[in-house]
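Starting off, we have a lone chain in the form predicted alone, written out as structure tokens.
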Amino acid sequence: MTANIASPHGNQPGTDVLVIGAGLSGLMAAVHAVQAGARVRLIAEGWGQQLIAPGWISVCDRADDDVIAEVRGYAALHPDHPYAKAGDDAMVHGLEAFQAITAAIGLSYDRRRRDGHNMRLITMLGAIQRVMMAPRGIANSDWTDVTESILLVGLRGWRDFYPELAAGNLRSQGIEARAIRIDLPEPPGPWDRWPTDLARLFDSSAFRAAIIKQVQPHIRGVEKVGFPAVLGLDHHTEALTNLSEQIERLVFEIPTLPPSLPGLRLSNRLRRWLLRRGVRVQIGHPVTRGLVEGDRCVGVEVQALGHVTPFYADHVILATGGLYSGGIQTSETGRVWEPIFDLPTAGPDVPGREGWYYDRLLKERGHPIHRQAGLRVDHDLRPLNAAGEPALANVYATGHMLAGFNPLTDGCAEGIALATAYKAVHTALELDDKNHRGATDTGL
């Protein structure tokens, strides 16, 4: 809920940019603001959907040819879509900046540079997912140019990945795949190991050596070797390189059940990068309401340690997520609302909840509530009021909380997070695209 309150100017130093939310769009908004020279504070109740998402970057999964060209064409035909609101320059620069920062923090993300097409990556069920960009370990699974067999390696007794199932489904699609299971070279551990437990084991060179010894007898006629995505936590790049060199085959990762190790690696390293640059990062503290003077937000109130603390800022980036992250909330009466500023929120154009869902659970385009619930924004990404004008002059919304798309089915959730984070910060700080920092020319 928004509170109209006079800000105590001079009582507490302000922050140039306050980011609310630590999902992909929130983290990247903080990165952009730091690179622009702003003072930044990031506050979030949790770490966002990257901890359950596979870790790759979907920009336009349905694209058969050039992904960027497909997005530009789609945005031109759908002016209310977040890609259209942010503009295609924001999309391109957002992708460039993300690729640059992940390389800088030691988690390189790869894509098919030669033609701009999507990669074709392997899922834990043996399906093929079309994705534009992915962390190198997952990107190594791109089967587009594979001419020999793929070997999938499972861990005996671990229930989160079944290599035989994945291999069988790959064979049904014409991809030659074999499966083996190996023993964990450790004394019996917990009955049900978490992915993070295994990732920490793979950080150890001695553990990897025991794994390599079991895999090597099975690599004849194999072009690539796939493991569940648990190949290291703090030393992932070292683990991936070491396994590939010693097995003498390109090693790749396959996303498994949450928590997502690729997402956890990304969150951890971006957080460390931000902290080293003086960003105040507060995770686990809910923002309860916005503080407003006239048409501007002057700050927010945060619940922490049994009391409420105000924080003030010149600009606010709202990146609290959609229906499944708490950024957009609903009730049994059919009400749909944004909880911090009580901003006008779009929803299905029917009373109650009767028009929210179709009769069938699985629908190709998803249900109305997933596409229509969210904030409507202008081309600066400022949420609109009932009259169609900016509700607050210095508040910008990003990512999954925007109306006009379905993050569950449209195959563009991460692309929108990156595009809108870039646009929001560059609009707030009035940056010129010619001077955008932190991005490199990737030929997009």
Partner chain sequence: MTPTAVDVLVVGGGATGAAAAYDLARRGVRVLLVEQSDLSTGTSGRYHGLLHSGGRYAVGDPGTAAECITENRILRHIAPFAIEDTGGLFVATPDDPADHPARWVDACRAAGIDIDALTPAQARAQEPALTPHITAAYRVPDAACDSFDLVHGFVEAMRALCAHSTLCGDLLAYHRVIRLVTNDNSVVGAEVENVRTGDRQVIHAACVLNAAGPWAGMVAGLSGITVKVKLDRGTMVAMNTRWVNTIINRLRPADDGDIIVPVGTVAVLGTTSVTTNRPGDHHVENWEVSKILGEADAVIPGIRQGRALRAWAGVRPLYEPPDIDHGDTSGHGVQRRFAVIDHRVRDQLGGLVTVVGGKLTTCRLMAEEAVNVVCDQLGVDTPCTTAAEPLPLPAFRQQYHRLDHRLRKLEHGQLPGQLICECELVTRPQIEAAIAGYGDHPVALDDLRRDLRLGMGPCQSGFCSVRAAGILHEVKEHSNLKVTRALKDFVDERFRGVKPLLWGHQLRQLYLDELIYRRTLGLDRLIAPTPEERLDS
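Positions refer to the first chain, counted from 1. This structure is a prediction, so every number in the text was calculated from the model and none was measured.
Form predicted together with the partner chain: not shown, discussed below.
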Self-check item: Partner-proximal stretch of 222-230, 154-162, 236-244, 103-111 relative to the partner chain in the model of the complex, 4.5 angstroms, heavy atom
Solution: 154-162
Quiz item: Closest heavy atom of residue 255 to the partner chain in the model of the complex, within 4.5 Å or not?
Solution: yes
Quiz item: Does the partner chain get within 4.5 angstroms of any non-hydrogen atom of residue 206 in the model of the complex?
Solution: no
Self-check item: Contact label in the model of the complex: residue 79 to the partner chain, heavy atom within 4.5 Å
Solution: no
Quiz item: Looking in the model of the complex, any heavy atom of residue 72 within 4.5 Å of the partner chain?
Solution: no
Self-check item: Heavy atom within 4.5 Å of the partner chain in the model of the complex - the one residue of 385, 394, 35, 409 that qualifies
Solution: 409
Self-check item: The single option of 213, 307, 276, 360 touching the partner chain in the model of the complex, heavy atom within 4.5 Å
Solution: 360
Practice problem: For the three residues 65, 116 and 137, verify that every one has a non-hydrogen atom within 4.5 Å of the partner chain in the model of the complex; reply yes or no. | Solution: no
Quiz item: Within 40-54, which residues come within 4.5 Å of the partner chain in the model of the complex, counting heavy atoms only?
Solution: 49, 52, 53, 54
